[in-house]
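Quick heads-up: it's one chain on its own, the form predicted alone, in structure tokens.
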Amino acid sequence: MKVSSFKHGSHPAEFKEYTEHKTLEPLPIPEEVFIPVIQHIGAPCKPVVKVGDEVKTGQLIAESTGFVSSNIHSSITGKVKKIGDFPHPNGTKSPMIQIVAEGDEEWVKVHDHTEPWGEMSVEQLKKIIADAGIVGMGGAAFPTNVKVSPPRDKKIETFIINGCECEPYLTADHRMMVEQAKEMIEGTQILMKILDVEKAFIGIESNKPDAIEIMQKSTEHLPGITIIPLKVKYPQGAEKMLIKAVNKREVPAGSLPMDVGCVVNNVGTAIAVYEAVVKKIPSINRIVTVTGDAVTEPKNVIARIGTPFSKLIEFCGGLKPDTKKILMGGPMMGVAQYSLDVPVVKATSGILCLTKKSVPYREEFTCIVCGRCVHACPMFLVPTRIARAVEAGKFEMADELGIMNCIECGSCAYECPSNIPLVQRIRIGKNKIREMKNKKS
């Protein structure tokens, strides 16, 4: 089987075996949820409910306040108990709407169209996606209605569905392709209509042969959709790397995929579009891989947005006594958690639970100038030079070295034999440079 890829990258151990063959399991409706008013890139939403209000499943509870923003809906039927700050998976306390379940579940539809989507206008479909609060489900959480609305001078020629799921441990996308192939393909077709493209490519890493086979069978009668097997390499699923692997186009530093005529959406995003347009369901569910050697029974869980992490872990048999670390996401780009009271958000692809054995102490040593970080960097940067500039407070130098082009994939830190936390220092530098630029503007 011929496979494509990009230059550089790394090959971390996959650890997919924990859950790659575990079918999707729905979590029981939680007794209460904590729904953040911001779960996306862009402006936070404004609550449109108040304490004491009764809400239904799918009801709008916080509306977008700008072009780059995304609506928030209630994921259960119940009563608003509190609107205030609660622990967020990003490590802060964030405004959320706490809802306590009451009575039988009642649903609110996201739209009332009765005609097939093929008869709807592009503007109608975009409005449904916007009203449904759909964002990129691959982790970036960029509002989908914005992504599929490029400026008129940016003609989209290539549409790519990202089925790579290159992050170790995570298998939610894999299982969606295996179990929800019909929904994913139809969601892809809807997005193709919106973007006015005749061809779409679904990129899948070759460590998912069952997904590749099912996708090929599901699209064999659809000449406009092509399945592209890809080499198993990290970070294959990053937009710029995927575009390079699929159609050999380079996205220049500082540019966006639309600048080279491409749009990339995630597997889960395509399914969310299908559910919004066809089933009239807003974005209130998230498929989460709960995995790692510290959880009793790893699973792929269908959870309501706002459900505390603790409920998902309980559903998977609980944590083992020697649990050391819990991350939202995978080991390369995940965010360490300080509490299990944080809620599932639209960007929660996984909850990774690790024991002390899996998180050994790593002493940092002096850089030996081996160049492994340079060879691994998919953006062709020199991570050690950038990190040293940040350490020395030379942020302008770091900027000149291309720090803002770093995609924070973590390949450099993974490959470093001296255990230097390169990506962490680069993140600090990027934040400092943003602050400096904001002060000047």
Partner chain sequence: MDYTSVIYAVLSMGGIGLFFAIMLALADKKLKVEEDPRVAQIEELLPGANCGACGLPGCAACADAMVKGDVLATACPVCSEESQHSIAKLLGVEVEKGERNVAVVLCQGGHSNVVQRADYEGVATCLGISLVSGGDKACEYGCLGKGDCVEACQFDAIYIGEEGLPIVDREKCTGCGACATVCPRNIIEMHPVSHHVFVLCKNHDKGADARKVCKTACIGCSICVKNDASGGFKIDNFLATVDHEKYGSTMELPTDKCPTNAIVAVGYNDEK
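Just so you know, these numbers come straight off a predicted model, no measurement behind them. Positions refer to the first chain, counted from 1.
Here the subject shifts to the form predicted together with its partner chain, a form of this protein not shown in this document.
> If contact means any heavy atom within 4.5 Å, which of 188 to 196, 114 to 122, 165 to 173, 90 to 98 contacts its partner chain in the predicted complex?
The contacting stretch here is 90 to 98.
> Give me the residue from 367, 222, 140, 335 that has a heavy atom within 4.5 Å of its partner chain in the predicted complex.
Only one listed residue qualifies here, and that residue is 335.
> Within 4.5 Å of its partner chain in the predicted complex, heavy atoms considered, which of 324, 320, 79, 154?
None of the other options qualify; the answer is 324.
> Do residue 21 and its partner chain share at least one heavy atom pair within 4.5 Å in the predicted complex?
So residue 21 does not count as contacting its partner chain.
> Within 4.5 Å, heavy atoms only: does residue 16 come near its partner chain in the predicted complex?
No, residue 16 stays farther than 4.5 Å from its partner chain in the predicted complex.
> Please tell me whether any heavy atom belonging to residue 418 falls inside 4.5 Å of a heavy atom of its partner chain, as the geometry stands in the predicted complex.
The answer is no: residue 418 has no heavy atom within 4.5 Å of its partner chain.
> In the predicted complex, is there a heavy atom of its partner chain that lies within 4.5 Å of any heavy atom of residue 11, even though the partner is absent here?
Close contact is absent here: in the predicted complex, residue 11 is far from its partner chain, nothing within 4.5 Å, heavy atoms only.
> From first to last in sequence, which residues of 412 to 441 have any non-hydrogen atom within 4.5 angstroms of its partner chain in the predicted complex?
Residues within 4.5 Å: 421, 424, 425, 427, 428, 431, 432.
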